[in-house]
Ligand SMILES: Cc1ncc(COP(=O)(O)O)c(C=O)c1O
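Next up: a single chain in structure tokens, the form predicted alone.
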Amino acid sequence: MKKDQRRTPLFDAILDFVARAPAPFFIPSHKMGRGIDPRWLDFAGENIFKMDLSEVRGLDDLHRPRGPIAEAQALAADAWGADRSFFLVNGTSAGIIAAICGVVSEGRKIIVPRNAHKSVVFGLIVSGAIPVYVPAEIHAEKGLVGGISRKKLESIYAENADAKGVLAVSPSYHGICGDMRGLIEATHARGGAFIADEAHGNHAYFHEALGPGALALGADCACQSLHKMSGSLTQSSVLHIAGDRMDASRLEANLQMTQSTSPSYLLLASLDLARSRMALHGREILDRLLFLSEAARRELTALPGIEVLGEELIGEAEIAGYDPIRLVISARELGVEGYELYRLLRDDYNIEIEFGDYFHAVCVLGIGTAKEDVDRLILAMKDISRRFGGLRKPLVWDGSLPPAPPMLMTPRAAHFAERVRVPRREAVGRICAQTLAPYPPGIPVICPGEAITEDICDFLDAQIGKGRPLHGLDDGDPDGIAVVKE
């Protein structure tokens, strides 16, 4: 029996507590907004700070929910078609780490894509698992990381029959969807558990033009960033499980390890409200976004030298689907790199987009996107098309993604090994002791335990030269890299 998605039990419980106006001798110290800096209070108003609470009477305990948090999580499970759902206040990263530790332990294998988020590496470090990396297909013409085929996964399983499970990403930062149905079926045929990184795909469950989501296809676990696509506050996410391949009690214990003991009730309330809104109005919200994105795509692709990724990718580089709400723009025919396009939009037009890579600028539409914002983007791109038309040669994909380096130690062993810092070029052939990942999108170029190669050094030099943020880079020693001490 479907649950009443109009209900928001946690939000309502918070409002009830605030209405009681107790004398606040509990943490946090600002005491329901009284101690907030007046400048912030003037800007934000007082009510939001009254809701910044802890595990006081009637508000339940995230780590042992029995009241409104438990009810809110049950409603989330119902909305996304899971058996159980867990609210996350440390982002989807906390869920991915907990899920990996729920499937594998030290010395056991798990199959993961090479283009996974860096939180997967942290899950490998915490669990001590042995990663079996799957290289995704590369769309050479467009410089895109594509999908993973079922055939490739089955061939990897044939050589790693003892793997305990698989983690896959869909959709990617660029909106690319893989063959999740095939990957899930192949994983279950080998007795493994399937973890879906759906950080960018939680909205797919509420519109037939976007779904079905991984849970509907049989995934055992899905980790979703509701703040990315469903309107909750930044850092708030949900982990769902279905079936009996995930040990729920072990997962709960893992989440106590990866989540704060002082969870933000602002984040928790935002999850409760976002779930209700998407369950009740998701289709009409997504109808509007689909209309906006399609109209923008038509106008942008009509501009000389401008390309917008879309469903024409399906069938190429193992790409099984594409999220039409995401606007991924290329000006490569104008000779403008995605990095440059990102900066142009920001500096010359006051348009802040998600990120740029060699070819593409990624613009993320969300439930708060306004038509006037899309119109500003279109006007800016019209101007850029005029400014750069005929001035430069078109860009050609230079194959700058380095080959995956060989793994010489497990990520855990390398992370906890004694380390030294050396200049990158002197580190070639040494074992890397850290993660380096351009951010966004947070996909590691090298992980702990892997050999540092010339190709890796060339790629890092190029990224630094283009001014791209690199997580793991030491600002005080930008040419250095941590390696395992010999």
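Just count from 1 along the sequence shown to find any residue number. Nothing here was measured: the structure is a model prediction, and the numbers come from that model.
Beyond the structure shown, there is the form predicted together with this ligand, which is absent from this document and is the topic of what follows.
In the predicted bound form, residue 232 stays away from this ligand, with no heavy atom inside 4.5 Å. Taking the partner from the other structure, this ligand in the predicted bound form has a heavy atom within 4.5 Å of a heavy atom of residue 237. Residue contact with this ligand in the predicted bound form: residue 225 places a heavy atom within 4.5 Å of it. Within this chain, residue 265 is remote from the site of this ligand in the predicted bound form, having no heavy atom within 4.5 Å. Between the options 199, 361, 221, 271, the residue in contact with this ligand in the predicted bound form by a heavy atom within 4.5 angstroms is 199.
Of the residues given (148, 103, 166, 96), 96 alone sits with a heavy atom within 4.5 Å of this ligand in the predicted bound form. Contact with this ligand, judged by heavy atoms within 4.5 Å in the predicted bound form, is confined among 122-130, 67-75, 271-279, 191-199 to 191-199. For the stretch 357-379, the set of residues having any non-hydrogen atom within 4.5 angstroms of this ligand in the predicted bound form is empty.
In the predicted bound form, the Cα atoms of residue 471 and residue 137 sit 3 Å or more nearer to each other than they do here.
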